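Only one chain is shown below, in structure tokens, and it's the form predicted alone.
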Amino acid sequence: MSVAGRRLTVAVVYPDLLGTYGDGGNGMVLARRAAWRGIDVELLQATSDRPLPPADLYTIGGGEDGPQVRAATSLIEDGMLAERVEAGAVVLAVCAGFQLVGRTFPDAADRPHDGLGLLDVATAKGNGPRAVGELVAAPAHDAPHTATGDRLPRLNGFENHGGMTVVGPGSRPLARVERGVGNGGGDGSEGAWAGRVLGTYLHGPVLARNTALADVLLGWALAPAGSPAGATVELEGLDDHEELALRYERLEAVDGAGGTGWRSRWARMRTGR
């Protein structure tokens, strides 16, 4: 199915409140990967002083406790995000964004606040030290697959949070932690997803490090109107040599392989050997 000439709107939600960790880069990654495939894409910076605009794909980033509460309250009152998800829009929610699209999350004083309820997850303050560092996770067996039916490769990014998130029966864990903390609920899970809403603790920004995941989200957003959740379209391949080099470098650093193995692997990809 050709997607050239299609129109797509990507909105970065409240970058003025939830822009602490550079997660706005996820919107840029999605817009660029769409444009490189001939899609007419518009990237919006949806600040909190205006009503949330309609879009096909929303990204929500991380932020501090006070702005997170303000963002959740505003999004609940605005109502647009929930309406667009009901109509089939895609949401990528990272860290504080992941928590606020769930059922409940805590503020700095550990008081619970209502989330948007787009994912069946609940977050409380963690009992241990703050989760800070590189995170690597293997996608769960029932995690989203690519349009060709392949499993996503290992996910990697940087986590920085003090929350403990438990995934309820209405959602599914995105991945299983190999290195790092992830959700921190004791089951070894990282992130969660349901329908076309996906949450994660991975920064980086996550889609710059995990381009296959970016293409899954784009495939969801470009599925024909009225398609069931999980429906996707197969996208034209892109030259991801530089992106994969970054990915291999970070994975090898975390795995402790050291050396320059990623450079030789990148060279082999470029020469086809």
Ligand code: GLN
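Please read these numbers as outputs of a predicted model, since none were measured by experiment. Start at 1 and count along the sequence shown; that's the residue number.
Quick note: we don't show the form predicted in complex with the named molecule, though the next part is all about it.
Peer 1: Let me know the one among 96, 202, 192, 137 whose heavy atoms come within 4.5 Å of the named molecule in the predicted complex, would you?
Peer 2: Answer to the contact question: 96.
Peer 1: Which residue, 180, 157, 173, 163, has a heavy atom that falls within 4.5 Å of the named molecule in the predicted complex?
Peer 2: Result of the distance check: 163.
Peer 1: Wondering, does residue 26 line up within 4.5 Å of the named molecule in the predicted complex on heavy atoms?
Peer 2: The answer is no: residue 26 has no heavy atom within 4.5 Å of the named molecule.
Peer 1: With the partner left out of view, is residue 239 within 4.5 angstroms of the named molecule in the predicted complex by any non-hydrogen atom?
Peer 2: It does not: once the named molecule is placed as it appears in the predicted complex, residue 239 has no heavy atom within 4.5 Å of it.
Peer 1: Might residue 219 be said to contact the named molecule in the predicted complex, defining contact as any heavy atom within 4.5 Å?
Peer 2: Output for residue 219 is no: heavy atoms all beyond 4.5 Å of the named molecule.
Peer 1: Hey, in the predicted complex, is residue 64 touching the named molecule, heavy atoms inside 4.5 Å?
Peer 2: Yes, residue 64 sits close enough to the named molecule in the predicted complex that at least one of its heavy atoms falls within 4.5 Å.
Peer 1: Each of 21, 68 and 130 having a non-hydrogen atom within 4.5 Å of the named molecule in the predicted complex: is that the case here?
Peer 2: Looking in the predicted complex, the three residues 21, 68 and 130 all sit within 4.5 Å of the named molecule (heavy atoms).
Peer 1: Thinking of the named molecule in the predicted complex, which stretch from 55 to 63, 243 to 251, 220 to 228, 38 to 46 has heavy atoms inside 4.5 Å of it?
Peer 2: The contacting stretch here is 55 to 63.
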